[in-house]
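The chain below stands alone, shown as structure tokens; this is the form predicted on its own.
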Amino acid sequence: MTPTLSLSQLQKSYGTQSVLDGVTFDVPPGSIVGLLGPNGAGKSTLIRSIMGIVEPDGGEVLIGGQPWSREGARGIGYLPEERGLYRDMSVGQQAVYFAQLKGMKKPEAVASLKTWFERLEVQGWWDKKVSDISKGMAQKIQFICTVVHQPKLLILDEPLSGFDPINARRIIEVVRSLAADGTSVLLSTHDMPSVERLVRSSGHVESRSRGVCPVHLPSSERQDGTGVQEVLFKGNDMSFTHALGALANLDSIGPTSMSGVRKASIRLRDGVGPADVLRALTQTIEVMEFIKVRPTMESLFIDAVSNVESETTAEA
């Protein structure tokens, strides 16, 4: 299946400062891909290169399997971090204007916008001036303008900025729905809980480069049982450690609770499954629970950034 967006060895420098150093990744149809990296990693430059705002020094951008073109980029739905509407125009007039910029005829644009306005509960604001609406309301309008032309690729830069929790959840639900219908989403944000809620619905977070860190999240369907496990048990440290043997590394054991239960954090060795460890433990101690710990987006992000910094230091 042809990726909706494919980047290969993308390069960009400003003077002697390399911002993009061989960025390579695909955005498959219907996927939500999180673009993660520390401040200054090149996320904004990468997005601007995809949109044609910045010309990369090298590498290739393919949109729908075709080399980058102005027409191809025009079909992308792009919500930039720096947003703004014309304050003296009415909300509806401005939304129609943006839809027409994306190639929609006015009757088609009005019909689609009316549907979106109802979906996001802003239908009563069509004739209001932008100067009369709240920041959150303006954010909704801009989101609608981004998706009204049914783009196959949606690029969202800090899409939940300015939203209260209720409207943030509504936008998340809409993005999930669009992805389920085949829209590909490239998401850039520092809001880790929101990334987690969005991307785990598709089970995939990916980005590769020197600065834009690789972060991979297992799919919700994947239950391989590897990695960190939490064990609730009754028994002493020595019995637990002896039973564990060489099957796993022991990260920590917590204090005994009033009910006599303790919690240990273990990391399975390569080739060892949960059943192997559980079988060994139950021969010596009483196991209450054995739980796979799924990593948070924040921990994955921090690990990825730390790895990149370590590699950079080693090379220096």
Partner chain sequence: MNYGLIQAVVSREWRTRVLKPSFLLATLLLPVVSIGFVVGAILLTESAEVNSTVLVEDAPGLISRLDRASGQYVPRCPGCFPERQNLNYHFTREAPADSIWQAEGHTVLVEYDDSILQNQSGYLVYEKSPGASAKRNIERDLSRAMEHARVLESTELNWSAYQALKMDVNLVGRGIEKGQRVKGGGDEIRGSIGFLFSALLLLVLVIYGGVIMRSVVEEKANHVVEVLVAAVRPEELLLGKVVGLGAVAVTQLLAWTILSGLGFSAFQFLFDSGTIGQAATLGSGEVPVDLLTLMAENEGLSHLLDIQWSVMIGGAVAFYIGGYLLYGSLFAAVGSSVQSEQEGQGMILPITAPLMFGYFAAIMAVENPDLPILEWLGWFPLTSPVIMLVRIAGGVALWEVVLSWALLMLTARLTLGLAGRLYRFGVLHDGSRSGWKLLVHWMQGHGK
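Residue numbers count along the first chain shown, from 1. Given the structure is predicted, the values throughout are model-derived calculations rather than measurements.
Below, we turn to the form predicted in complex with the partner chain, even though it does not appear here.
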| Do heavy atoms from each of Q123, R176 and A180 fall within 4.5 Å of the partner chain in the model of the complex? | no
| field | Distance check, F163 to the partner chain in the model of the complex, heavy atom within 4.5 Å | value | no
| message | Considering non-hydrogen atoms and a 4.5 Å limit, does the partner chain approach D88 in the model of the complex? | response | yes
| query | Though only this chain appears here, would R83 touch the partner chain in the model of the complex if you measure heavy atom gaps against 4.5 Å? | reply | yes
| said: Please determine whether P28 contacts the partner chain in the model of the complex, using a 4.5 Å cut-off between heavy atoms. | reply: no
| note | Assert contact residue (the partner chain, in the model of the complex, non-hydrogen atom within 4.5 Å, options V54, A280, L62, V287) equals V54
| request: With the partner chain left out of view, choose which of Q100, T115, N236, Q150 has a non-hydrogen atom within 4.5 angstroms of it in the model of the complex. | output: Q100
| task | With the partner chain left out here, work out from 115-123, 71-79, 242-250, 164-172 which stretch has heavy atoms within 4.5 Å of it in the model of the complex. | result | 71-79
| note | Those residues of 152-187 with a non-hydrogen atom no more than 4.5 Å from the partner chain in the model of the complex are none
